[in-house]
Structures are given as C-alpha cells and as structure tokens.
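One chain follows as structure tokens, the form predicted alone.
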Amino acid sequence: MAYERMRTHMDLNDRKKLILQAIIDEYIGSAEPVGSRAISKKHELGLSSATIRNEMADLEEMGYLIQPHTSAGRVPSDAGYRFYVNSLMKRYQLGVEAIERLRDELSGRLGILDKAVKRAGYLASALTDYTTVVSAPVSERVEIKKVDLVPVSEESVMLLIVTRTVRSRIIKTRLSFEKCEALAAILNAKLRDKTADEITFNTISDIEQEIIGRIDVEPKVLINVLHFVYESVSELDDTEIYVENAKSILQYPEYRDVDKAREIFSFLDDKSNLKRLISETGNEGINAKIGDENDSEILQDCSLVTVNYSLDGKAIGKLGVIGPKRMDYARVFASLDLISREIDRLLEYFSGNG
C-alpha cells in the first residue's frame, strides 16, 4: 500500500512537497540528516516544528525519507530524490561569466572533435564539481585496407581483415587456395578503402551476386565472411571515453571509506564499464539514474546524469556527470543543458551547416 502511494504521489499535498523539497535542499548542502527544527529555522514555511515532524514521519512512511539513526534527522530515499528531480527541483541559472567562459573554451577547439568534447567534459566538471564522463566518436575514419583468406587445414580457413589493426577468425569450411584467392580478390575490389557506413545493403548484395556467379561457396560460409568483415570495421568505428576529475569523489563524505573509494575508482578506470553505463541512459533530453536505478552495484550510492550532443539532429555522443545521490541536481541539469546546446551549435557551424 505504501508502495502504491509512493508511485502515484496521490498523498503528496503541497505542504508535504514543500517539506520534502526543503529537506533535500538542506541535505544536498550539509550531508547530515535533517531534523524538523533545522527546517523550521532555515526555511520560511510558516509551520511549527511539531507539524513538520509529523509530516516528516508521513513522508518516511510513504517511502520518500529514511531515518538512518535513532535521532530525529531524516535523509532522502532514492524515491525522494526521484520525485525531487521530476517535480520539485528549482531552476538553476548559470552566471554570465561561466557561460562566456564555456563558449570561449569550446569555440577554440571545435576543429578537432575529440579535443572539443574532452574539453567539454572538463568544463562540466568545473561547473558542477563532480566527475564527468564523455563519449565521443573516434575521429579517425576506419577503412578496410585488405581482406585475406588463407587455408590453415583441410577443413578450415583463416579470414584476415586489415584496417589500422588486424583481426582474424577461423571459418570451418573446405576451400582450396585458388578459391580463397578468388574470394579475397572480389572482397578487396568491392570493400577496399570503405568504412562501416559505406558498406550498404546494395554493396553486400553486389558482392554476393558476383561470388555466387564465379565461385562455388556455401551460402553459410559467405554469410559468415561478410558478417565478420562488417563487424570488424564497425566495432573499430567505436566511441572514445574520457573521464575528468575522478578524484573529486574523495571530497564527498559518502566516499571517504577507502574500500568504497577504491571500488569506484576501479570502475571508472574500466572504459567498457563506462561505455555500457552511459549507453544505458535515455536518449531524449537530460536523464538521471538515481541510486538503485543504476544496474551496477558499485553505483548504488551514486547518481548519473547524462545528455546527448548532436549533429544534424543525430546524437553522436553523451556527456555525463557522476556524483553522490545528494548531488546538486539543479546545477548539474543547467550545466549539461548549456554545454550540450553549445556543442550542438558549434558542431553545426563548423560542419558547414551553420
């Protein structure tokens, strides 16, 4: 029953909303459990301590507050933070000086996308004082340089794809040396110097038709070869991940435990974790994953706020902020909104469309 009330917010009247907002605002600044007396003194709600205390007890029963100790102080729950972000958070206005600095910093770096995006991560960290994670498309075009097929036994062939690296795969099939050479010649003629986005359905169809007309190859083998070719170049046309100001985590009391800090630093050091983390957030507007909304157990005491940046209306990367659940959401949202809009505007300009 309490869960249903929490989900629908039907019992959150205006007074409860004001008190919840005041408690979360207070806790964001202090990191200490908030009592009714502090709310009564610091926030002009026109309510007595006793009334605030009763409302806090109701909010705790509804799942929006937690009482971590036997003292009267409460802290927000994940549900409390979620309701705050969705419905109670005040608009934060960045100062003119911060806005001008951001525009100046970005404008000088848009000639090289990855440097501009990395700088955007630094600026987001400076504006919010939290760790930032940025994804950016790899600026180098990944092209197929050569395709080779080499028989390695009577029943298997090694397929080699040369780009800026070399990838290989063993394919179970009986193909003579002559057939391997003929197949590789067709693939090289059709695919050399092509990137992943240039390998279209028509390209694949043309290759299939030419191979079927000239070489006796099992359809399954041909599918495996073409799939690996595309997989090799598309995986390399991947995103880069930048992390800024990871050490900022240590200034927050939530991470002063050495083991806890070590765990999150280890998490941030693994780029596969970060790629998965930001890819799982929403693609529209600014998105927040709070506490246990994060799949990773290590981030259960954190919040992640992300926003896309785009070119020609297509999202090409994300900018994210990681911090404690009691992060200053209003400031983070305002900072990410401004930075993403500036990146979009400058990318549009430097791409020749502005």
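All values derive from a computational prediction rather than experimental measurement. All residue numbers refer to positions in the sequence shown, first residue = 1.
What comes next is about the form predicted together with the DNA, which is not displayed.
- Although the partner is absent from this view, residue 43 stays clear of the DNA in the predicted bound form, with no non-hydrogen atom inside 4.5 angstroms.
- Although the partner is absent here, residue 74 sits close enough that one of its heavy atoms falls within 4.5 Å of the DNA in the predicted bound form.
- Among residues of the shown chain, residue 51 is one whose heavy atoms approach the DNA to within 4.5 Å in the predicted bound form.
- The shortest heavy atom separation between residue 35 and the DNA in the predicted bound form is within 4.5 Å.
- This chain is displayed without the DNA, yet in the predicted bound form the stretch 53 to 61 from 324 to 332, 307 to 315, 292 to 300, 53 to 61 comes within 4.5 Å of it by heavy atoms.
- Contact with the DNA in the predicted bound form, judged by any heavy atom within 4.5 Å, is made by just one of 286, 28, 66, 47: 47.
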